[in-house]
Ligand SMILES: C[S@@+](CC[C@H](N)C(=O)[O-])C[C@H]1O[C@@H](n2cnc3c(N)ncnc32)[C@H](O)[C@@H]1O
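First, one chain by itself: the form predicted on its own, in C-alpha cells.
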Amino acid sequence: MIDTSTATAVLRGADIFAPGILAVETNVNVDDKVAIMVDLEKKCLRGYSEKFQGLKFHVGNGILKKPRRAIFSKPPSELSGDGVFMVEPLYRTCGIPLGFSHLVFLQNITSTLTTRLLNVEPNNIVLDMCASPGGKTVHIASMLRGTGFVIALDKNKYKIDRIKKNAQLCGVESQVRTYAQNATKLEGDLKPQDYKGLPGQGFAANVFDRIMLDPPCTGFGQRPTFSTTKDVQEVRSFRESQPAYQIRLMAQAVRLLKPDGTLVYSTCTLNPYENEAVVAWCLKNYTDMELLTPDTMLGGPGLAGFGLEADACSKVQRFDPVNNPETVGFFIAKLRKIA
C-alpha cells in the first residue's frame, strides 16, 4: 500500500521511494514481485501487515527492494532510497532519472505554451505574480537571454525558496528576483528596479512589459491525482469565492501592465467561473484591455454562456483532457493593454 502523493508520482513514471510505502504484507520478501495499491481514503495505518480492506486502487506491479523491517523500523523522514522498482506500471509514462535533474525541467506542454505566448523580448521587465514552483519563471528568464529580469512573487516564503532553487538549477538566477509578497496588494509608486519586497512597498502603474498571471485555482484540471475530496456544495462555492480572489489579482495585473504590454492569464482548472468569467470581467471593466488571438493555438475554444461572445471564445484556449488526451485540463487567455 502506498499513499496518494506517491501513487500520483508512479502514474507519472516514478519508482517508489521507501517513505511513500504505508504497508507491506508479512509474507513478502526482497526481490518479490508485488502489486502496488493506493490507499484512496487515507485510512491505512503505516506498518499494517495484513491485506488492507479499505478503498484502494491498483496502479501497477513492481519488485520490492527493501525488507519490511527496514521500511517500518524508522519514521518516514529518516528513510531514503528505492522501496519498489516498478516493472508493470498502469501507464507507460517516461520518468526522468535523478541524474538528469540538472539538465531538464519537467513541465506540462500547457504551462510551456503560456510563457511562449508572452512573446518575451530582450530587456523586458516581466512580472510573474503567483510564481511557485517557478517553472514559468525560469522559462521566462531563459527567454530574456541574459537581459532584463523577471520578478517572481508568492505569499509563501517556503515557495519562494523553491523558486530560487529552480532558478539556480536552470542557471538563470541572475535574471530572477524573488519576493514573498501577496500579489493582491501591490499598490505603490516604485519602479521594478527599485523594489525590495519590503513591508509597505508597491509598484507604480504601467511599469511591466509582460505579466504572467497563473493564480491559485481549484485545480480541477490536474491529473493524475487521487487527492480530490471536495463535495458538490464546496465546488458550488467556487463560483463566488475563488473567482473573487482571481479578479483581485487581475485588477492588479491590469494596473501594472504597460500600454502595449502583454498579459497571459492561465489556470489548471476546468471551472468556467475561474476562466472565461474572469476574462469577461476584465474586458467589461477595462476598456483599454483587448483579447488577442494566440500566436499558437493548441487548445479548443472557450465555453459560451460565461460572459464571452463567440469571437472571444475562439481566442481563448481550453484544454479538456477528453479532447486533448496528452494534456492536463487547462485554460489560457492572452490580453494586451491598448496603447
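Note that the structure is a prediction, hence the values are computed from the model and not measured. Residue indices: 1-based, along the sequence shown.
Just so you know, the form predicted in complex with the ligand exists too; it's not on screen, but the next bit is about it.
Only one of Thr110, Gln181, Gln252, Thr218 lies close to the ligand in the predicted bound form, with a heavy atom inside 4.5 Å, and it is Gln181. Distance criterion of 4.5 Å from any heavy atom to the ligand in the predicted bound form singles out Tyr245 from the list Phe85, Tyr91, Phe100, Tyr245. Exactly one of the stretches 134 to 142, 194 to 202, 75 to 83, 167 to 175 approaches the ligand in the predicted bound form with heavy atoms within 4.5 Å, and it is 134 to 142.
Residue contact check for Ile211: none of its heavy atoms lie within 4.5 Å of the ligand in the predicted bound form. For Leu117, no non-hydrogen atom is located within 4.5 Å of the ligand in the predicted bound form, even though that partner is not displayed.
Using a 4.5 angstroms threshold between heavy atoms, Leu257 stays clear of the ligand in the predicted bound form. The closest non-hydrogen atom of Val207 lies beyond 4.5 Å of the ligand in the predicted bound form.
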